[in-house]
Ligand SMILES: Cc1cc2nc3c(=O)[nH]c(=O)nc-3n(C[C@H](O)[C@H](O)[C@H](O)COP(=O)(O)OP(=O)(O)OC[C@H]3O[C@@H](n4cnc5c(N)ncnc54)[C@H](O)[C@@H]3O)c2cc1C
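Only one chain is shown below, in structure tokens, and it's the form predicted on its own.
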Amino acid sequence: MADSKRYVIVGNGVAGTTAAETLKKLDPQSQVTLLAAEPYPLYNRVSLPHYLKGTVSEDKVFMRSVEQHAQRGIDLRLETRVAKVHPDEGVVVTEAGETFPYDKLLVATGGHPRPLPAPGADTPGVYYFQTLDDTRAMVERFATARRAVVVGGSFIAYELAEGFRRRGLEVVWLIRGPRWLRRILDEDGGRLVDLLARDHGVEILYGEEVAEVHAAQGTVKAVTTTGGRVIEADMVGCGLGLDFYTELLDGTGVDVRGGVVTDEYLATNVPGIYAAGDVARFFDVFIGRHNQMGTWNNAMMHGRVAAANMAGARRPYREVPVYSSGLFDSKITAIGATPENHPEVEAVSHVDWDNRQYQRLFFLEGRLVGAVLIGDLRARKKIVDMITQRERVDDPNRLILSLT
């Protein structure tokens, strides 16, 4: 064991756990340490919205046990937060002062919800939706809650709005911008989502934010909006985006720009340090630019590729990120590069109001690089194939009509 490689992975989401398991397969004699801030081994974050809605039980959310990690030879350390990385010494230091030496380090830390910027935001009854504990707390609250306010224009805000409504709550959804996913959808797309939400019994107020949270008897009772409306609420759910856990890299020289910047091999600019999952701003070989997209499959594949390269391979990440979700009584998928990360893309769109379907395609330098689909998702495979083949598109409008 004296000559065995030492791999340290910070973050035990699907990227970190997949990397740990892959490393033990590729390098069985290696020492793999997996540092987890949460008190749980891997659970399925994709299942949390279903748990919130009550369509799956909590026990179905877990994917790994502590014993399974031990059987695989992975040293899992729960409730262990990393404070600092010292690349010159090849050491990770935790908040508790423990040190873990490494030969290769993977940062797969993900992010944390942006806080609600309003007086009273720390009132019990204000919730975020990132972890199992967040979800558990909301599920417990459903027993007495009758009314809810949701804040934000993100996918997470949608999951909260649908989850609260499925649990029988009256839901008012506040969106600061003119529509949901305002950078990805155009006006027609936003209007279609509004119709779907209202059919589901969710009222959306645009151009509104929370100005103040009001409490009574130690818990939320109402919010005042920036437009002056007072809305009664027993719960406030916040989906205001993520800030990524990159503080551990302060002073290391690792390039951090929103996320941890990597090349196509998921290696950072500092030798021996890699990044994967939501926190990684990776070089996307299909668009020739850096990209960042927090999806389960993307994170899992990141874990596999990063592990292979940490173990000595030279394998580029060559996957088109795809995120799919329910959308009230419909479905939505976002593919590849979108205006969320690449505002310079050109776009064409098409909407079918009768069948409530929508397609929007994104182009860079004459090539298809991304898309968003609502309703009929059958074109997803063709779009992914076109992105990977980097085909030139001479007539974007003709292409979008061929997909409808």
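No experiment lies behind these values; they were computed from the predicted model shown. So that there is no doubt, residue numbering starts at 1 and follows the sequence shown.
Same protein, other form: the form predicted in complex with the ligand, not shown, and the subject of what follows.
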Can you work out which of Gly294, Gly189, Gly120, Pro87 has a heavy atom no more than 4.5 Å from the ligand in the predicted bound form?
Gly294
If you check Val345, Val61, Val348, Ala36 against the ligand in the predicted bound form, which one has a heavy atom within 4.5 Å?
Ala36
I'd like to know if Val46 sits close to the ligand in the predicted bound form, meaning any non-hydrogen atom pair within 4.5 angstroms.
yes
Answer with yes or no whether Val322 is in contact with the ligand in the predicted bound form, where contact means some heavy atom within 4.5 Å.
yes
Would Arg81 count as a contact of the ligand in the predicted bound form, using a 4.5 angstroms cut-off between non-hydrogen atoms?
yes
Flag Val14 as yes or no: does it have a non-hydrogen atom within 4.5 angstroms of any non-hydrogen atom of the ligand in the predicted bound form?
yes
Heavy atoms within 4.5 Å of the ligand in the predicted bound form: which stretch in 37 to 45, 23 to 31, 361 to 369, 61 to 69 meets that?
37 to 45
Select from 255 to 293 the residues with a non-hydrogen atom within 4.5 Å of the ligand in the predicted bound form and write them out in sequence order.
Ala276, Gly277, Asp278
